[in-house]
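Two forms, one chain: they're shown below as structure tokens, one block per form, named structure 1 and structure 2.
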Structure 1
């Protein structure tokens, strides 16, 4: 290629670049012009993805639009309490609120949120050329209503995955000991029987060798909803008990007697399996919630466990917090036969798809400017750096970015699992009565955990209680 040709190609590239990027920049400055001087207020849980929004995306947005964004980050409880109070009292403090995946249905039932799809359709001047909700992963489906309209822009999404210690599973001495004891090769479990066998082996191995090592984690707090969630969102589905064992299509039946599955044989088997794991897990397990199981794993105290994905990233990659960096393997949770087929056919799921979105309360005083901000954080362009800084993916375009692929290697393939198997996992069932049923049945569940009541009898009581609660709420006719 001669110099003239090279120069022409360069000139063409430069002219294209200069004509393309102002068009992108212009939309934001044009759209933001009429909101100059406005400050948007948002509240969210203090997590790495939210902190990235506060520290990076909000200042970038302000630079492009002139709209200032203040994000209040706090604990989950505080965030939820503040958002609810604001929306109930219609005080209009917040223009954006974090929506946990399992709370969206309650918010929708109370008409708390602005319909993003409809608003952008009605006001095309607000629609950013770089925003398209078709780019989101299937996780966005959990923030839509029955007609398919979006009410929240997904900003973090994780799978509750099966984590195992590669260093232990690949240790020749341990492999040999396992083979000797069980007659099998040591590899990540695919069934509950295999998982139990491995867990029993490592707990015994730790004890015999004077090590602070156990075979499994258990999120089994005796008075915190985390244990209830571990059972109904992570364990029961792997036995084929979906949506908490409540059949919404069958008059919200929960008991076997009425066609539900909360106290069915599968649920009872699942509970006994999990209680056994709890009994051979580290002593802190009876006080462990969603974070403590992760801390236990990161401290190198267990060989395997089910861990919320938001923790998987730091466990696998942050040496300041984890003793097992580079040694973390990811796998699908162990399953009963038929469950994977159910998930592939869309009839069930194999674990919990966790995360949240940003939505605009109808009480916001700056709805349009807020929607601009949500579009800004939902664009493909901002996703890769966000996925590196705060490991999460909500947008399909992110997976193929070279930086993200590099990060995926560091995370032991967590992003690949999210991409390939994300569809096998599911968020919480679309129940507006989510909290009420959980709170009604949780005391019985805690009694099971503390041994006050047996698992079979306890599940029978929980199923009956669930139906009673649903009846009093008016769902069962």
Structure 2
């Protein structure tokens, strides 16, 4: 009798498991059924993580749901232009837009985006059982409003790290030459003085030995915002100038005169340091954005540099694109004294924690279907292969995946750095006026780069212009 009861219970359990499993597995096909014939249109920057969405995740989603996804990958400036114009004109061309971390605050202020948290709560039939925004790393917090609602599903997150050529730094002949010239051992820099000394040495070494080799990269384009970003988000913080030198708690002061730091001594020292690096970098540096610095490093033309993490993995591991595979080391950026302590205390940061998310414009004609796609790319299940194809991690569980751990070893601990030291970096400050202040001050910055104006005078003018713009926008009273 007891045996019969146990057998009956076992049969019932198996029956429930059999009927429950297909329902779980068929969520995507069931949820997609009512959107049959729909084609979603998204726009994003042409980067390794975005290309993976277009080439791998979008076709996979279509197979599971029947919903076609057309991802348009384009240049950074075209991406913003197309997305913003579409949302401003309310034309509804795009169902999904890439949201870089530094622009989210402007989008929220203008009510451009669908509240993902609220929509999934109000429409539980859209909620995938394999999606949970609690799975994201803390980077997702950048895409939440003041109440904690999520407005973008993170699809890339990475540090702008210090990359160096291990083969050069470990070469006995080069080490001996460096020791003879400087009296020091050759190793990755921890201070700006050390970094400059290494950069000067390798530029001279390349010239003396007839090599196409320079001491550093420089993202110093004379007419593209990439140079502005390199200075304010990657260089200035390492000197202790945070949040662009604007003090939001002090009436948004930018000038030293009013309590800001954009034209302070630290900012001026940072700019002169960076301009020197620009002068000893490869000739293409004056036309280099974040893309060209990566290709310069991958071509073996520099000994070290600050490189966006989205490019780090392919530089270190893909022989089809890189000449320095297996020769790349990773380290924290060089810093002035006190900056690391500031970062550990939460008073500052040592560099840029970059990344972005996919959001749904309120003007989309296919909001529900678009949310399904965002949930799909936010699942833990799709992350490991994505992290290997492009060095981005947005879900905490990805760090512990065996394939990712294996790749981490090949990359010399790049993912470990992201996991352990990511807290020392920061995204852009939460300024709704981000684009306006950048555009107001960038022309002056370009004049500094082209030599039309000196660095000290230029920063003085930029700080004054920033305050002028903030006053015009109503932030500075």
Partner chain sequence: MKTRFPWLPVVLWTLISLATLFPIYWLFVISVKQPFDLFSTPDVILRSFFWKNYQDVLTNPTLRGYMLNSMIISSGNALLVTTLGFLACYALTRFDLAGKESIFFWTITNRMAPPAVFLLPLFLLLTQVYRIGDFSLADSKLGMILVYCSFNLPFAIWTLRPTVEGIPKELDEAAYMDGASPWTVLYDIIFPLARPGLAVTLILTWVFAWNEYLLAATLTNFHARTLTTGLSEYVTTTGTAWGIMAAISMLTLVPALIVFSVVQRHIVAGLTFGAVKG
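Whichever C-alpha set is largest while still superposing within 1.5 Å between the two forms counts as the rigid core. Note that the structure is predicted; figures quoted are calculated from it, not measured. Residue numbers count along the first chain shown, from 1.
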Of structures 1 and 2, which is the form predicted alone? 2
Rigid core fitted, is the C-alpha displacement of residue 362 between the two structures 2 Å or more? yes
Rigid core fit then residue 92 CA moved by 2 Å or more between the two structures: yes
So how many degrees does the small rigid bit swing against the big one between the two structures? 13
Value in Å for the CA shift of residue 130 between the two structures, taken after the core is superposed: 4.0
C-alpha positional change at residue 390 between the two structures - rigid core reference, Å: 2.8
